[in-house]
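Shown below, as structure tokens, is a lone chain in the form predicted alone; questions about how it binds or moves come after it.
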């Protein structure tokens, strides 16, 4: 790997002027409303912007392009059934700014690469297909027909279909995702990596092996019946703000909320609901009852400490703590698991987790007498080497309490992108089941490939080694989302052709193969007109609800195509007469796509009828029904030991996080107001003692280093910010520090990059 960054592959090492304020004690409220409205009006204008917001997440409207938190099944707010970040996502998509051929003729790829991700993303919507020829310096316009012909020619030129990679972002609709995987498999490969590989793949793996389904088991109504809600490694105030409303309602109904995280996230501490008078007035904003400030990757040690204490209480009063009937009827391996627990000392485990033992005892007392328990988690658990085992430990705790398959209890992996779960349901997976492939073969009369394809990490390595030569991305910002930025940039540059289906400009367009294409598509908020009809697509939220999404805005350009139509035309240009699929019919009528989804994938009976019902419908969920689709038809306990992180002198642990002005790789602004950080992203949050040990003070400039596998990785020019984070732990924003996340450090079984556990050293910044 090269020592110097590829031009344009990383955010520029320029500082924008750090300003600090107090850490906020309460999230949302009037400041969130003001922030959302300001961005909406500035991007889309008052009339266009408000039209979008009034239809966002409404029955018959369009689904939020931000997170996957579910909408209420019953009545929805007529004022604002969305959060601040949802409004920002829509504002960016509904923007009146657009990039035409004239823009690209005036700005070279090299020039655009010098901008930050924030600056690149703020340029506007891409208005027409663009092509970068080999050796070219500027993107130039290309017709849709010529673009598809070029892609088809390049794909058919490959020695094997496995030399092509087809990536998917979580915002792709059910209809587009189904067609996409169908085309890719008829083309002849299972190289279908997607953003799940980088976030909740660990959750799907753990839940599938333990409980028989790789999805969460709860519904939104379960939150209102829960006695205890545990939130591990998640910051809903920034990443899933509408979850705060559900937590507030749960708390009003008597639930105890336990938050476990290395950072004291504002949204979990207090929430002013801007849709209520009391929220506006700041009345009773508190949410979390018990906050456990765990060390990075101390979660399993903490969970085991709680389980040891619960076991001791159960032994003193058999049947009073554990749900023995549930365990005997529905689980396997409990005796072995409990026997393994006896080797541990709860106080020592608490110390390993970095939690005062008295707090662990308090949590155990709360859980001992409760059975309606929900466990929620996000990337704070999934992006570690032992992520799958840690999530299985969460399951162990729920199984002991009989807290799965009953109202007010269950698993809740909180997904990010708004249809990332739906994409997997539709077959976007590099390791498809034989049952799914059999259904494809039966219904479409071609033999899909049976060998496993590349996931995200594997496809990066394959491109880097020259074994994959064409990269096609259905949405997303692949370069900024993935680990080991320089390695990934080199991988993309090794390709003969890179193609991105996108709404807006991003860094992945600027670090490209020998040739590159940008194919502009309709967004969620855009009307999709055909023969006078505004067509709808559908999405699946975090809790398995399938609902329609119909745009309401006039597209910014007449040259945009819908994602389903892009896939259909791509398939025709590539497969031609040898295809057995009716691509023209699909492009003309989305109902036909849904009809074929219905006959291919279980749970979609009467798809076209039910998706037109207000609010949509729930997919079947075996755990929700008290069943477990494992080989034994029982839930499985899992035995694993908590890992001890052995740091050398001077080493620290780093986790990547998002700022409040950010959703995934999309940066809406330079502020992180809940954490009191303004106008700057190149910061590292550090414990005061760790700063003192290194003779650092607030505001010092440092360079960050990682040497995993003997490779020198460095992120230059970061500002030290003193912050209440555990000793030996630090936090930085991504994608600025993705360069430090090793491509070879991944979670066991799920192969997810370990972005929440990067070992680093810090040196004073060298240079200016």
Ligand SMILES: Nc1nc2c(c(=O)[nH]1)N[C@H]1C(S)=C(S)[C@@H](COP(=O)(O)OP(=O)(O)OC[C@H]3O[C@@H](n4cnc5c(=O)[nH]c(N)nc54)[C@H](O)[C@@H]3O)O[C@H]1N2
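All values derive from a computational prediction rather than experimental measurement. Numbering follows the first chain given and starts at 1.
Omitted here: the form predicted in complex with the named molecule. The next part is about that form.
Visitor: Suppose contact means a heavy atom within 4.5 Å; in the model of the complex, does that hold for all of 416, 662 and 755 with the named molecule?
Guide: The answer is yes; 416, 662 and 755 each reach the named molecule.
Visitor: Though the named molecule is not shown, can you say which of 404, 198, 593, 250 has a heavy atom within 4.5 Å of it in the model of the complex?
Guide: Residue within 4.5 Å of the partner: 198.
Visitor: Scan 459, 684, 192, 657 and let me know which has any heavy atom within 4.5 Å of the named molecule in the model of the complex.
Guide: Of 459, 684, 192, 657, the residue with a heavy atom within 4.5 Å of the named molecule in the model of the complex is 657.
Visitor: Taking heavy atoms and a 4.5 Å cut-off, does residue 383 contact the named molecule in the model of the complex?
Guide: Yes.
Visitor: Is the gap between residue 215 and the named molecule in the model of the complex 4.5 Å or less for some heavy atom pair?
Guide: So residue 215 does not count as contacting the named molecule.
Visitor: Within 4.5 Å, heavy atoms only: does residue 94 come near the named molecule in the model of the complex?
Guide: Taking the distances in the model of the complex, the answer for residue 94 is no, it never comes within 4.5 Å of the named molecule.
Visitor: May I ask you to check whether residue 478 falls inside a 4.5 Å heavy atom distance of the named molecule in the model of the complex?
Guide: Residue 478 belongs to the contact set for the named molecule.
Visitor: Using a 4.5 Å heavy atom cut-off, which of 446-454, 342-350, 621-629, 166-174 contacts the named molecule in the model of the complex?
Guide: Among the listed stretches, the partner-contacting one is 166-174.
Visitor: Could you run down 225-246 and flag each residue that has a heavy atom within 4.5 Å of the named molecule in the model of the complex?
Guide: Residues within 4.5 Å: 232, 233, 234, 235, 238, 239, 240.
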